[in-house]
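Next up: just one chain, as C-alpha cells, the form predicted alone.
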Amino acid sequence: MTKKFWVHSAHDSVGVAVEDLSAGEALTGAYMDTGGEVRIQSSAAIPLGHKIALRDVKKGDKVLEYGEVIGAATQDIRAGEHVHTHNVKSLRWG
C-alpha cells in the first residue's frame, strides 16, 4: 500500500504529507524510526509537505515532530486534521 505520509518518530503527534491528501481519505503512513505503519482518515484536504494530526491535541498542548516540541496548539486539533500555522504557534519565538 502506498504511504501517503511519513512520521519521523513514534512519539510524534503529526505526520508529514508526501503528496496532496483529500478530505475523508483513508491514509496509510510509515514511521521512519521503526518502519511500522499507521493508518488514519483525513478530515481535511492537506497539501504536500504539510502536517496531519495523528491524535487529538488539546489547546495549549505541545505538538511533537522529530520527537521534539515544534509548537503549541492554539486550538483543539482532532486526529486527521491539517496542522499548520492556523492552529499551532511556535514556542521558539514566543
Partner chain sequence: MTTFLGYERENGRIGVRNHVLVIPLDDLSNTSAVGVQKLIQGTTVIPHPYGRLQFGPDLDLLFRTLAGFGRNPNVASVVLIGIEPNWTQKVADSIAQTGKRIEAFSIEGHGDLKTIEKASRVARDMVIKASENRRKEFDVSELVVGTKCGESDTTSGLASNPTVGSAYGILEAAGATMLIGETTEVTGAEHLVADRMVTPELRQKFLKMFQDYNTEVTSHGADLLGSQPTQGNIKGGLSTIEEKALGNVQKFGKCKVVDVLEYAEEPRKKGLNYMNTSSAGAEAVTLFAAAGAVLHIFTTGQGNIVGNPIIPVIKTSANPKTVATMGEHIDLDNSGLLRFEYDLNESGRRLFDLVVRTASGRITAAEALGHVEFSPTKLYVSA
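Predicted model, so just to flag it, every value in this text is computed and none were measured. Residue numbers count along the first chain shown, from 1.
Just so you know, the form predicted together with its partner chain exists too; it's not on screen, but the next bit is about it.
Asker: Counting only heavy atoms and a 4.5 Å cut-off, does its partner chain in the predicted bound form sit next to every one of L48, E65 and E68?
Answerer: Yes, all three are in contact.
Asker: Quick one: is S22 in contact with its partner chain in the predicted bound form, heavy atoms, 4.5 Å cut-off?
Answerer: Contact with its partner chain, no.
Asker: Does at least one non-hydrogen atom of T85 fall within 4.5 angstroms of its partner chain in the predicted bound form?
Answerer: Yes.
Asker: Please run the contact check for A79 against its partner chain in the predicted bound form: heavy atoms, 4.5 angstroms, yes or no?
Answerer: Output for A79 is no: heavy atoms all beyond 4.5 Å of its partner chain.
Asker: Flag V16 as yes or no: does it have a non-hydrogen atom within 4.5 angstroms of any non-hydrogen atom of its partner chain in the predicted bound form?
Answerer: Heavy-atom contact with its partner chain at 4.5 Å: present for V16.
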